[in-house]
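In the block that follows, a single chain appears as C-alpha coordinates, in the form predicted alone.
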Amino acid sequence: MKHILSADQFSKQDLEKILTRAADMENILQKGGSKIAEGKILATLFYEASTRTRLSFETAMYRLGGNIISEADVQFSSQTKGEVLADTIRIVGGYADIIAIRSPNIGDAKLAAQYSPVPILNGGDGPAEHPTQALLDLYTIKKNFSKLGTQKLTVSFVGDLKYGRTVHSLIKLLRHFEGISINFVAPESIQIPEKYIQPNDTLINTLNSDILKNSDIIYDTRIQRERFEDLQDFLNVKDAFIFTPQLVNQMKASAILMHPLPRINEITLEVDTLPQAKYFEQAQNGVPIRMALIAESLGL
(Lines give C-alpha, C1' and ligand atoms only; values in the text may rest on other atoms or scores of the structure.)
Protein backbone atom coordinates (compact mmCIF):
# COMPACT_ATOMS: atom_id res chain seq x y z
CA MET A 1 0.00 0.00 0.00
CA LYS A 2 2.76 2.47 -0.88
CA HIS A 3 0.42 4.25 -3.31
CA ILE A 4 -3.35 4.56 -2.77
CA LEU A 5 -4.66 4.87 -6.32
CA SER A 6 -7.76 2.74 -6.84
CA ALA A 7 -10.32 0.72 -4.94
CA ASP A 8 -9.25 -2.16 -7.19
CA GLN A 9 -5.97 -2.52 -5.34
CA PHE A 10 -7.45 -3.65 -2.01
CA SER A 11 -8.07 -7.18 -0.85
CA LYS A 12 -10.53 -7.88 1.95
CA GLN A 13 -7.55 -8.38 4.24
CA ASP A 14 -6.24 -4.94 3.26
CA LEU A 15 -9.61 -3.39 4.03
CA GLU A 16 -9.85 -5.01 7.44
CA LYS A 17 -6.34 -3.79 8.25
CA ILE A 18 -7.17 -0.21 7.23
CA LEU A 19 -10.44 -0.20 9.18
CA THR A 20 -8.66 -1.47 12.28
CA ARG A 21 -5.88 1.10 11.89
CA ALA A 22 -8.47 3.86 11.45
CA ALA A 23 -10.17 2.82 14.70
CA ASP A 24 -6.78 3.04 16.41
CA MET A 25 -6.29 6.50 14.90
CA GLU A 26 -9.67 7.58 16.21
CA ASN A 27 -8.51 6.65 19.70
CA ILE A 28 -5.31 8.64 19.10
CA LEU A 29 -7.39 11.64 18.03
CA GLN A 30 -9.34 11.50 21.27
CA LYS A 31 -6.04 11.75 23.14
CA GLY A 32 -4.92 14.79 21.18
CA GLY A 33 -2.93 13.26 18.32
CA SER A 34 0.42 11.57 17.78
CA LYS A 35 4.01 12.38 16.80
CA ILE A 36 4.67 9.32 14.61
CA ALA A 37 4.99 11.46 11.46
CA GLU A 38 7.16 14.13 13.08
CA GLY A 39 9.62 15.48 10.51
CA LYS A 40 7.54 14.20 7.58
CA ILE A 41 5.88 16.46 4.99
CA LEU A 42 2.65 15.90 3.08
CA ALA A 43 2.20 17.83 -0.18
CA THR A 44 -1.41 18.39 -1.22
CA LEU A 45 -1.80 19.12 -4.94
CA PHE A 46 -5.44 19.93 -5.57
CA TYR A 47 -6.26 20.99 -9.12
CA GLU A 48 -10.00 20.63 -8.61
CA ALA A 49 -12.25 22.20 -5.97
CA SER A 50 -12.21 20.53 -2.57
CA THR A 51 -12.99 21.28 1.04
CA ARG A 52 -13.37 18.03 2.97
CA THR A 53 -10.80 15.93 1.14
CA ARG A 54 -7.97 18.47 1.16
CA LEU A 55 -8.56 19.73 4.69
CA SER A 56 -9.00 16.24 6.14
CA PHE A 57 -5.74 15.10 4.50
CA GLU A 58 -3.99 18.12 5.97
CA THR A 59 -5.65 17.67 9.38
CA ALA A 60 -4.66 14.00 9.35
CA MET A 61 -1.01 14.88 8.75
CA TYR A 62 -1.01 17.53 11.48
CA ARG A 63 -2.65 15.09 13.91
CA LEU A 64 0.15 12.63 13.17
CA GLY A 65 2.72 15.29 14.02
CA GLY A 66 3.77 16.02 10.43
CA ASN A 67 3.75 19.15 8.30
CA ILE A 68 2.05 20.35 5.10
CA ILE A 69 2.94 22.08 1.87
CA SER A 70 -0.03 22.83 -0.36
CA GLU A 71 -1.00 23.89 -3.87
CA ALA A 72 -4.73 24.42 -3.93
CA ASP A 73 -5.33 26.40 -7.11
CA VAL A 74 -4.12 25.28 -10.52
CA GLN A 75 -4.04 28.85 -11.82
CA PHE A 76 -1.14 29.57 -9.46
CA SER A 77 0.80 26.45 -10.45
CA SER A 78 3.42 25.99 -13.14
CA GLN A 79 0.91 23.91 -15.09
CA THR A 80 -0.48 27.23 -16.34
CA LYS A 81 2.94 27.71 -17.97
CA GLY A 82 2.69 24.33 -19.67
CA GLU A 83 4.55 22.16 -17.17
CA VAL A 84 3.50 18.53 -17.50
CA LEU A 85 2.26 16.62 -14.45
CA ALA A 86 5.19 14.21 -14.54
CA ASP A 87 7.64 17.07 -14.00
CA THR A 88 5.53 18.61 -11.23
CA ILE A 89 5.45 15.29 -9.41
CA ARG A 90 9.20 14.73 -9.76
CA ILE A 91 9.85 18.15 -8.25
CA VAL A 92 7.29 18.00 -5.44
CA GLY A 93 8.42 14.47 -4.61
CA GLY A 94 11.78 15.98 -3.82
CA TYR A 95 10.20 18.41 -1.36
CA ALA A 96 7.77 16.12 0.44
CA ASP A 97 7.60 12.59 1.82
CA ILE A 98 4.11 11.84 0.50
CA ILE A 99 1.72 13.51 -1.98
CA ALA A 100 -2.08 13.71 -2.06
CA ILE A 101 -3.39 14.75 -5.47
CA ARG A 102 -6.78 15.66 -6.91
CA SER A 103 -7.23 16.24 -10.62
CA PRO A 104 -10.14 16.66 -13.03
CA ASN A 105 -8.41 14.20 -15.37
CA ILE A 106 -8.98 10.45 -15.26
CA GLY A 107 -5.74 8.58 -14.60
CA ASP A 108 -3.65 11.48 -13.29
CA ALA A 109 -3.07 9.79 -9.93
CA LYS A 110 -1.75 6.64 -11.62
CA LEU A 111 0.42 8.78 -13.90
CA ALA A 112 1.77 10.61 -10.86
CA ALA A 113 2.68 7.31 -9.22
CA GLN A 114 4.77 6.33 -12.24
CA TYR A 115 7.02 9.35 -11.76
CA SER A 116 6.88 9.97 -8.03
CA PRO A 117 9.78 9.10 -5.72
CA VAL A 118 7.29 9.15 -2.78
CA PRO A 119 3.84 7.64 -2.11
CA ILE A 120 0.86 9.05 -4.02
CA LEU A 121 -2.64 9.25 -2.48
CA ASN A 122 -5.47 9.68 -4.98
CA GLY A 123 -7.83 12.39 -3.73
CA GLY A 124 -10.09 12.01 -6.77
CA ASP A 125 -9.39 11.81 -10.51
CA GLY A 126 -12.23 13.26 -12.56
CA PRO A 127 -15.32 11.03 -12.71
CA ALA A 128 -13.23 7.87 -12.31
CA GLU A 129 -12.38 7.07 -8.67
CA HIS A 130 -12.05 8.43 -5.16
CA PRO A 131 -10.58 5.55 -3.14
CA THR A 132 -9.90 7.40 0.11
CA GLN A 133 -13.50 8.63 0.17
CA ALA A 134 -14.68 5.07 -0.40
CA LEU A 135 -12.58 3.90 2.53
CA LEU A 136 -14.07 6.49 4.88
CA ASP A 137 -17.51 5.53 3.56
CA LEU A 138 -16.76 1.90 4.35
CA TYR A 139 -15.52 2.90 7.80
CA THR A 140 -18.78 4.77 8.40
CA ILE A 141 -20.77 1.69 7.39
CA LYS A 142 -18.64 -0.53 9.62
CA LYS A 143 -19.16 1.77 12.61
CA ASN A 144 -22.93 1.65 12.12
CA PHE A 145 -23.15 -2.04 11.14
CA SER A 146 -20.48 -3.81 13.17
CA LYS A 147 -21.34 -7.20 11.64
CA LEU A 148 -20.53 -6.03 8.11
CA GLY A 149 -19.75 -9.12 6.05
CA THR A 150 -21.76 -11.49 8.24
CA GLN A 151 -25.18 -9.83 8.08
CA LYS A 152 -27.50 -9.11 5.20
CA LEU A 153 -27.53 -5.46 4.18
CA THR A 154 -29.29 -3.65 1.37
CA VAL A 155 -27.36 -0.68 -0.03
CA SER A 156 -29.13 1.75 -2.37
CA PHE A 157 -27.06 4.24 -4.36
CA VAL A 158 -29.12 7.27 -5.41
CA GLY A 159 -28.40 10.21 -7.69
CA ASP A 160 -25.56 10.79 -10.12
CA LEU A 161 -24.22 7.28 -10.56
CA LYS A 162 -22.69 7.84 -14.00
CA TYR A 163 -20.20 10.47 -12.91
CA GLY A 164 -20.15 9.75 -9.17
CA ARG A 165 -16.58 8.64 -8.52
CA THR A 166 -17.29 8.05 -4.83
CA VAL A 167 -19.95 5.52 -5.83
CA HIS A 168 -17.63 3.83 -8.34
CA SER A 169 -14.99 3.26 -5.67
CA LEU A 170 -17.32 2.23 -2.85
CA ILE A 171 -19.04 -0.38 -5.01
CA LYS A 172 -15.70 -2.10 -5.53
CA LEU A 173 -15.02 -2.22 -1.80
CA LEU A 174 -18.47 -3.54 -0.92
CA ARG A 175 -18.05 -6.45 -3.35
CA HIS A 176 -15.56 -7.97 -0.88
CA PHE A 177 -18.27 -8.49 1.75
CA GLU A 178 -20.91 -11.21 1.86
CA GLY A 179 -24.61 -10.55 2.29
CA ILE A 180 -24.81 -7.20 0.51
CA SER A 181 -27.58 -6.46 -2.00
CA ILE A 182 -27.16 -3.36 -4.17
CA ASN A 183 -29.77 -1.11 -5.78
CA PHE A 184 -28.84 1.60 -8.28
CA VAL A 185 -31.45 4.36 -8.32
CA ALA A 186 -30.97 7.03 -10.98
CA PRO A 187 -32.50 8.55 -14.11
CA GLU A 188 -31.45 6.56 -17.15
CA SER A 189 -29.10 9.31 -18.39
CA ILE A 190 -26.99 9.16 -15.22
CA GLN A 191 -27.46 5.51 -14.30
CA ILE A 192 -24.47 3.45 -13.20
CA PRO A 193 -22.07 2.45 -16.03
CA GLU A 194 -22.44 -1.16 -17.12
CA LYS A 195 -18.93 -2.14 -15.99
CA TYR A 196 -19.97 -1.74 -12.34
CA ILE A 197 -23.09 -3.91 -12.57
CA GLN A 198 -23.32 -7.51 -11.41
CA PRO A 199 -26.19 -9.93 -12.15
CA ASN A 200 -27.89 -9.67 -8.76
CA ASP A 201 -27.92 -5.86 -8.71
CA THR A 202 -31.19 -3.96 -9.21
CA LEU A 203 -31.45 -0.90 -11.47
CA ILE A 204 -34.43 1.43 -11.17
CA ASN A 205 -35.12 5.01 -12.25
CA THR A 206 -37.34 6.22 -9.41
CA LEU A 207 -36.97 6.48 -5.65
CA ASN A 208 -39.99 4.51 -4.48
CA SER A 209 -41.27 3.59 -1.04
CA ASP A 210 -39.88 0.04 -1.29
CA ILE A 211 -36.35 1.42 -1.61
CA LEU A 212 -36.89 3.74 1.33
CA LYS A 213 -38.40 1.05 3.57
CA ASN A 214 -36.09 -1.84 2.68
CA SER A 215 -32.67 -0.18 2.47
CA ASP A 216 -30.26 -0.39 5.37
CA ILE A 217 -27.96 2.16 3.74
CA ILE A 218 -28.95 4.86 1.28
CA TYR A 219 -25.98 6.57 -0.32
CA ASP A 220 -27.15 9.78 -1.96
CA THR A 221 -25.03 11.83 -4.36
CA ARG A 222 -25.12 15.32 -5.81
CA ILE A 223 -26.06 15.77 -9.46
CA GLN A 224 -22.73 17.19 -10.63
CA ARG A 225 -23.20 20.17 -12.95
CA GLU A 226 -19.45 20.27 -13.70
CA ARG A 227 -19.50 16.79 -15.25
CA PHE A 228 -22.18 17.55 -17.86
CA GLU A 229 -21.18 18.78 -21.30
CA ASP A 230 -24.74 19.88 -22.11
CA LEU A 231 -26.54 22.21 -19.68
CA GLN A 232 -29.97 20.93 -20.70
CA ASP A 233 -28.97 17.37 -19.81
CA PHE A 234 -28.14 18.61 -16.33
CA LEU A 235 -31.35 20.61 -15.98
CA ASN A 236 -33.37 17.54 -16.94
CA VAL A 237 -32.15 15.59 -13.89
CA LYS A 238 -30.91 18.11 -11.33
CA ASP A 239 -33.98 17.78 -9.09
CA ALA A 240 -34.61 14.10 -9.69
CA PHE A 241 -34.36 13.14 -6.01
CA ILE A 242 -34.74 15.40 -2.98
CA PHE A 243 -34.65 13.82 0.47
CA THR A 244 -37.09 15.49 2.85
CA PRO A 245 -38.09 14.47 6.38
CA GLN A 246 -41.23 12.91 4.88
CA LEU A 247 -39.08 10.57 2.77
CA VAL A 248 -36.43 9.85 5.39
CA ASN A 249 -39.06 9.01 7.98
CA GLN A 250 -40.04 6.09 5.74
CA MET A 251 -36.60 4.57 6.27
CA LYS A 252 -35.93 1.99 8.98
CA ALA A 253 -35.00 3.42 12.36
CA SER A 254 -31.70 1.52 12.08
CA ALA A 255 -30.99 2.64 8.50
CA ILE A 256 -28.48 5.34 7.63
CA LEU A 257 -28.48 8.08 5.00
CA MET A 258 -25.03 8.88 3.62
CA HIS A 259 -23.74 11.56 1.24
CA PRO A 260 -20.13 12.37 0.26
CA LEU A 261 -20.94 16.11 0.29
CA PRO A 262 -21.18 18.85 -0.76
CA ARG A 263 -24.94 18.77 -1.05
CA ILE A 264 -26.92 21.36 -2.96
CA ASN A 265 -30.64 20.73 -2.60
CA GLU A 266 -30.83 16.93 -2.71
CA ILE A 267 -31.10 16.66 1.09
CA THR A 268 -33.06 19.38 2.84
CA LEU A 269 -31.66 20.97 5.99
CA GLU A 270 -34.53 19.59 8.05
CA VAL A 271 -33.18 16.07 7.53
CA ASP A 272 -29.96 16.88 9.40
CA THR A 273 -31.49 16.31 12.85
CA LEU A 274 -32.99 12.92 12.00
CA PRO A 275 -31.23 9.84 13.41
CA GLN A 276 -30.69 8.33 9.95
CA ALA A 277 -28.58 11.32 8.81
CA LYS A 278 -24.95 10.26 8.98
CA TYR A 279 -23.26 12.47 6.37
CA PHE A 280 -21.57 14.81 8.85
CA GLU A 281 -20.25 11.85 10.85
CA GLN A 282 -19.16 10.40 7.52
CA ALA A 283 -17.14 13.53 6.71
CA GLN A 284 -15.47 13.49 10.14
CA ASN A 285 -14.40 9.89 9.52
CA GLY A 286 -12.13 11.19 6.78
CA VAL A 287 -9.54 12.23 9.34
CA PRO A 288 -8.85 8.85 11.03
CA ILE A 289 -9.03 7.03 7.69
CA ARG A 290 -6.51 9.39 6.09
CA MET A 291 -4.31 9.23 9.18
CA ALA A 292 -4.29 5.45 8.75
CA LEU A 293 -3.48 5.69 5.03
CA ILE A 294 -0.67 8.20 5.53
CA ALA A 295 0.83 6.04 8.26
CA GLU A 296 0.56 2.86 6.19
CA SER A 297 2.01 4.47 3.05
CA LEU A 298 4.94 5.88 5.01
CA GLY A 299 5.51 2.62 6.86
CA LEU A 300 4.91 4.22 10.26
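Since this is a predicted model, take the numbers as computed values, not measurements. In case it trips you up, residue 1 is the first one in the sequence shown, and so on.
The same protein also has a form predicted in complex with a small molecule, omitted here; what follows describes it.
Visitor: Would you kindly say which of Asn249, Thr51, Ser254, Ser70 lies with a heavy atom within 4.5 Å of the small molecule in the predicted bound form?
Guide: If I apply the 4.5 Å criterion carefully, the residue I get is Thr51.
Visitor: Based on heavy atom distances of at most 4.5 Å to the small molecule in the predicted bound form, which listed stretch, 30 to 38, 61 to 69, 261 to 269, 237 to 245, is the contact stretch?
Guide: One stretch meets the cut-off, namely 261 to 269.
Visitor: Even though the partner isn't displayed, in the predicted bound form is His168 close enough to the small molecule, meaning a heavy atom within 4.5 Å?
Guide: Contact check for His168: no, nothing within 4.5 Å of the small molecule in the predicted bound form.
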